[in-house]
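Given as structure tokens, the chain that follows is alone and in the form predicted on its own.
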């Protein structure tokens, strides 16, 4: 008889879902804080540039970026692995019988892979445009820093980029509306009694984050962009 070799916990489907839950929680917290910071563009250029300088300077930025990148790679890697495993287990076929009620498959959950891929393209575009984009310099409160406000003003005056940005933010809202609820399930703290509340909180969170991010480009395009 040959002994059965058990796979490490993190390589099992349950372990991968746990990793997805933890990494998803990290990114859910990051996107909310980033969205809130972007709202400073409604206050003043100085406030916005000071915020941008704060999150891109100092020694903490490097470990923070490392954690975010690692979390993102683990999240995507586990997601791809789970999808491939599920497809393999079903012989490449969809489920024969759709679920109903609280366990029904929502449009957001059925298209997670699609808008997840588009969000990946959006993140790459966002980093290339703003983190590694044109460098303007300004001074705020006696500190020389990057003039992100000027860059944002120039970028969001472009209708093509604005449309792409808004499309991806809407998809991000859909992704979060399902993803945040999945975090609770992946971490094993979701049950039938809590499910309705968690679903509502997840949808509300996705809506708040998406709308919060959308405010910035629309404000620039329709208000500041016309000056």
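Residue numbers count along the first chain shown, from 1. As the structure is a computational prediction, the values presented were derived from the model and not from experiment.
What follows is about the form predicted together with a small molecule, which we do not show.
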Looking at the small molecule in the predicted bound form, is some heavy atom of each of 20, 172 and 176 within 4.5 Å of it? yes
Sort through 157-165, 176-184, 44-52, 58-66 and report the only stretch with a non-hydrogen atom within 4.5 Å of the small molecule in the predicted bound form. 176-184
Does any part of residue 144 reach within 4.5 Å of the small molecule in the predicted bound form? Heavy atoms only, please. no
Using a 4.5 Å heavy atom cut-off, state whether residue 31 contacts the small molecule in the predicted bound form. yes
Residue 151 within 4.5 Å of the small molecule in the predicted bound form, heavy atoms: no
With the cut-off set at 4.5 Å between non-hydrogen atoms, does residue 116 touch the small molecule in the predicted bound form? yes
Of 87, 120, 134, 127, the only residue with a heavy atom within 4.5 Å of the small molecule in the predicted bound form is 120
